[in-house]
Ligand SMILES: N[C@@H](CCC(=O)N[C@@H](CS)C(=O)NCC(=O)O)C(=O)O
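Below you will find one chain, with nothing else, as structure tokens; this is the form predicted on its own, and questions on how it binds or moves follow later.
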Amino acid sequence: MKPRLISYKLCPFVQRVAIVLNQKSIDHEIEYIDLAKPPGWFQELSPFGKVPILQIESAVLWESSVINEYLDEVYPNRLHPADPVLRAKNRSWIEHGSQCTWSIFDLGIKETEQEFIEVLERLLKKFDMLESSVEGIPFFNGTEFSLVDACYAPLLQRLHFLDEVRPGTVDRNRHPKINAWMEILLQHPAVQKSSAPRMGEHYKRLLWKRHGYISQFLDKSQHDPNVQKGLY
């Protein structure tokens, strides 16, 4: 039985797992659900009602970092470094990446410019810590794609979308290595394949629905159904 990934199209944590499945060329199935109206079987599988869920025959795994560790241990083409100290450091940076991912979420929902700027500065300070550890030639550890790359690619992709909406969200001067790394990851085949079709459009539509501060920079004609119906 193929591994079955239960997914929500815009979830960055699900995308981490999809990247690893793609990078390791693991034959798998993906089933997308609506988290607002999850099917009954999903509630039985997921102990916390969250994605990702990876179903392997009768076994069910949850939490993206745990799932990726399992995939890396069981399938060939190891993505974790062989050196135990470097491997431990990579796990620490993956945890740091989870914190950064929640900051990306907050940027999409904060209602005022001041709140947005405060969250952004906290994220940039997290990036200050990360900047000196990124090799960027071309990946986090150097030449080999790792679980750290799989962790950060979804959040960097969303940061890129936010910067398209509000130019200046990405500080290229402050974090040149992270930005070079981001450009490489966004073009990586495993990352591109992990993205749902028209990911950028769907993400921006989600920003519009959240009506946070950043939504004012979106093109109303593309996202507001009332405009599309000619009501404005």
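A quick note: this is a predicted structure, and the numbers were derived from the prediction, not measured. Just count from 1 along the sequence shown to find any residue number.
Missing here is the form predicted together with the named molecule; even so, the following discussion is about that form.
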{"item": "Residue among E164, E63, D171, E201 with a heavy atom within 4.5 Å of the named molecule in the model of the complex", "value": "E63"}
{"item": "Of L45, A180, L35, L186, the one that lies within 4.5 Å of the named molecule in the model of the complex (heavy atoms)", "value": "L35"}
{"item": "Options 24 to 32, 50 to 58, 188 to 196, 172 to 180; stretch whose heavy atom lies within 4.5 Å of the named molecule in the model of the complex", "value": "50 to 58"}
{"item": "Contact of C11 with the named molecule in the model of the complex (heavy atom, 4.5 Å)", "value": "yes"}
{"item": "The named molecule contact at W102 in the model of the complex, heavy atom, 4.5 Å", "value": "yes"}
